[in-house]
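What follows is a single chain, given as structure tokens, in the form predicted alone.
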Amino acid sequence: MRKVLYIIIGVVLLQSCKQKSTSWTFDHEIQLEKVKPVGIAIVNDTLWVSDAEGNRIVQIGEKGYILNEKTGFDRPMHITDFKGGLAIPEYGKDVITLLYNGTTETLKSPSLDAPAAIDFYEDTYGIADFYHHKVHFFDGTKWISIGEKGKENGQFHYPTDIHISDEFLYVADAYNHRIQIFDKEGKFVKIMAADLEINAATGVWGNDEEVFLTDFENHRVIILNTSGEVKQILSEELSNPIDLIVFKNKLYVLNFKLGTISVFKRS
């Protein structure tokens, strides 16, 4: 009987530890300097934010001060790191601009109409093509076109962000209010979060354990496991969250209208 009791206690403690390791709590807020943030990236351990209204990208210190800025873009959107630099979707110019190694170049891609996001994984990359209601995926040798306008599985209604893992493409299907997942041959795999009454799915990011989604109009961040089950929903200190990223065990969430970054930590 005593042995059984020890086993039960051990299972309870293990479950408690697992729950604790995946729980996020609000830590602090970073107030930005006249920035309406849309996209966030980490480059060489520093935060970069796209300011679509200011047509610039800015490097942000932990106190919110602008450490560096690069101007001359046309509505930069969901940026990402690229070879120690940045890849910048220019929504108004219909191109992806690459800044790295002191050079600026345009990514060769299919025709775009308001690119909203780009992401890279090794030698593959994908683009959320907002007004074409498509995702373009380069598999290392060729481009694959995914989707068309619609509400069925594999169709999009304004794809806004994309995250690429070692196996899958995760797409924030903004006004179908869900995440869609595809394999790297462009085949539809499954839907996530469609039953959560999302109002504008704008930003998606993931790791080996969790998938994060910003629910823009409902002022929430939804955290799921990779099977699509809800682990946690964050709403504290969030207002129109539009993009997010996890870095050094902290979750950074951009609040578009307030011009702030809400920082969460594991507790």
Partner chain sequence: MKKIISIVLVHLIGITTLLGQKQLDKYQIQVDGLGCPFCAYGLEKKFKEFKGIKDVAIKIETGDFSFQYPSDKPLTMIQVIDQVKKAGYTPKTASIIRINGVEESFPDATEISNEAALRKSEILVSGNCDMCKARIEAAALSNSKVQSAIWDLESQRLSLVMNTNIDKETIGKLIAEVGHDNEYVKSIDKVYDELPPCCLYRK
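Positions refer to the first chain, counted from 1. It should be emphasised that the depicted structure is a prediction, and the values quoted were computed from it without experimental measurement.
The same protein has a further form, the form predicted in complex with the partner chain, not shown here; the description that follows concerns it.
From the list 60-68, 225-233, 196-204, 25-33, the contact stretch for the partner chain in the model of the complex under a 4.5 Å heavy atom rule is 196-204. Although the partner is absent here, Y131 sits close enough that one of its heavy atoms falls within 4.5 Å of the partner chain in the model of the complex. K184 falls outside the set of residues with a heavy atom inside 4.5 Å of the partner chain in the model of the complex. Looking at K257, you'd find a heavy atom of it within 4.5 angstroms of the partner chain in the model of the complex. Although the partner is absent from this view, E167 stays clear of the partner chain in the model of the complex, with no non-hydrogen atom inside 4.5 angstroms.
When the partner chain is considered in the model of the complex, only one residue from M192, I118, V171, M77 comes within 4.5 Å through any heavy atom, namely M77.
Interface residue among I146, L99, A114, I96 relative to the partner chain in the model of the complex, by the heavy atom within 4.5 Å criterion: A114. If you take 168-195 and check each residue for a heavy atom within 4.5 Å of the partner chain in the model of the complex, you get Y175, H177, in sequence order.
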